[in-house]
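The chain that follows stands alone, in the form predicted on its own, written as structure tokens.
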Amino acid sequence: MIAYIVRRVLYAIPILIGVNLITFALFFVVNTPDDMARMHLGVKRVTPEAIERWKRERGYDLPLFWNGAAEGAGKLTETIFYRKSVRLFVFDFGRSDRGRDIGEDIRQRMWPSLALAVPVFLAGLLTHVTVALALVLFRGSYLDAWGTVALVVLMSISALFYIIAGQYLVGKLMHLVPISGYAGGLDAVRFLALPAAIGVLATLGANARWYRTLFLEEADKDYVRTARAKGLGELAVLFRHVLGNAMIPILTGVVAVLPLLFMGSLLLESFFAIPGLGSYTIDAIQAQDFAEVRAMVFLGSVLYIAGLLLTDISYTLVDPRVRLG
């Protein structure tokens, strides 16, 4: 098992390096620092002096990979690649193009993102699995048929509709909760209740329908029919056998999502003015802050790869065949 985990970790290292190199190429080779300066300055006729000053203030005036004018190790370290790309591997995000400490911004904004994402994840997982098990329990009945139709309808509606409708009905008409903003401590519940409920509802159709398909596949297998023939009740069959043996595909979706909870929800945080990492990314794109965008792309890659590693490790705990292999 330890050898399997070490092997998967070693596989992840070149993937992360490749993602970093591709990101660097997109930001600094395809889109040169001169192009960044023109886009950030936002004027039609930018003087060469203004471009050079903008690059110098942000460290973009250095050579890309090799600094022939430097001495010793500075030939490699006094370059854009080392300062803007290699340092990311030790999570040294540096300063943004607007002069802010990116690492400090991430540490502050990750907590609102977690405060929203964790309840959505836990409540959503419980709700989706429960709905799917209920439909499988009454499979072939009108409840199953109409429930499946309802799930298809829910998954066909855009998440924007749930956000706008929820803000209008619950916030403006009923005045139950605020429709935007955020507060620390227990006051955060008032601001997060509506976006959390919308986050669960918006994913109910697709996730519950997928879980239902997984459970139905397991419910028709021989070991389930054998359990029923021995007199085991339907609820016991569902929870002991069907749910347990469907855990591998469920873990594939669940564990991979866990690290991405730190990244926040772009739509929910933006529409509800929650100062998390999702809205932070949107603000960086709108402000054309390339340093912040690069940092979030790299962080997202690290978290996604970590999610894949956690998925592989969870397989070894659930499926003995993977552990023995």
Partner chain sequence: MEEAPQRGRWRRWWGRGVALAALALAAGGCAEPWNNPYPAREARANIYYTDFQERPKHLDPARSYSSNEYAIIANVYEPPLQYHYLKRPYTLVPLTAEAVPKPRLYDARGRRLPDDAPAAQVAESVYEIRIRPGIRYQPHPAFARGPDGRFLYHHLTAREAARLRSPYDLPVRATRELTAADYVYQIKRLAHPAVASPIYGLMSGHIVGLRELGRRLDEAWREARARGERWLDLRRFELAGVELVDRYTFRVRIRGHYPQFVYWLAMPFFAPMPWEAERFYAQGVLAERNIVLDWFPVGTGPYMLTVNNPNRRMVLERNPEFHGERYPAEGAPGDRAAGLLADAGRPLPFIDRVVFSLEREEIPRWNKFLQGYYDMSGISEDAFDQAVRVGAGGEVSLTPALRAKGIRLQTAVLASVYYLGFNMLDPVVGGLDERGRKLRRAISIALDYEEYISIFMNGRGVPAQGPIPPGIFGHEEGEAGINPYVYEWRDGRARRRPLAEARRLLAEAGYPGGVDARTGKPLVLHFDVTGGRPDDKARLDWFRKQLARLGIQLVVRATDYNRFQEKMRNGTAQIFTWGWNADYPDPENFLFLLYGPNGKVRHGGENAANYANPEFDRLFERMRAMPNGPERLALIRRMVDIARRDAPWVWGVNPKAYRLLHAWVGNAKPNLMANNTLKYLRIDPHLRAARRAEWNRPVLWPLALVALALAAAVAPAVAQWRRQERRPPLEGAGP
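Positions refer to the first chain, counted from 1. Worth saying up front: this structure is predicted, and the values here are computed from it rather than measured. Heads up, when I say rigid core I mean the largest set of C-alphas that superpose within 1.5 Å between the two forms.
Quick note: we don't show the form predicted together with its partner chain, though the next part is all about it.
Chemist: Is Y223 near its partner chain? Define near as a heavy atom within 4.5 Å, in the model of the complex.
Modeler: Contact with its partner chain, no.
Chemist: Is there any non-hydrogen atom of A246 lying within 4.5 Å of its partner chain in the model of the complex?
Modeler: A246: no contact with its partner chain in the model of the complex.
Chemist: Quick one: does G74 come within 4.5 Å of its partner chain in the model of the complex, counting heavy atoms only?
Modeler: Contact check for G74: no, nothing within 4.5 Å of its partner chain in the model of the complex.
Chemist: Does its partner chain come within 4.5 Å of any heavy atom of Q167 in the model of the complex?
Modeler: Yes, Q167 sits close enough to its partner chain in the model of the complex that at least one of its heavy atoms falls within 4.5 Å.
Chemist: Just one of 74-82, 114-122, 159-167, 210-218 has residues with a heavy atom within 4.5 Å of its partner chain in the model of the complex, so point it out.
Modeler: Single hit among the candidates: 159-167.
Chemist: Residues Y4, G205 and T316 are flagged as a possible site; in the model of the complex, is every one of them within 4.5 Å of its partner chain by some non-hydrogen atom?
Modeler: Negative, none of the three is within 4.5 Å.
Chemist: Considering non-hydrogen atoms and a 4.5 Å limit, which listed residue (L186, V90, V149, M174) is close to its partner chain in the model of the complex?
Modeler: In short, M174.
Chemist: Within 4.5 Å, heavy atoms only, which of V254, L154, A227, L137 is in contact with its partner chain in the model of the complex?
Modeler: None of the others qualify; the residue that does is L137.
Chemist: At a 4.5 angstroms cut-off on non-hydrogen atoms, which residues of 217-241 are near its partner chain in the model of the complex? List them in order.
Modeler: G233, E234, L235, in sequence order.
Chemist: Does F272 move appreciably between the shown form and the other one, meaning a CA displacement of 2 Å or more on the superposed rigid core?
Modeler: The answer is no, as the C-alpha of F272 shifts between the shown form and the other one by less than 2 Å after core alignment.
Chemist: Core aligned, does the CA of R83 move at least 2 Å between the shown form and the other one?
Modeler: Yes; that C-alpha moves by at least 2 Å between the shown form and the other one.
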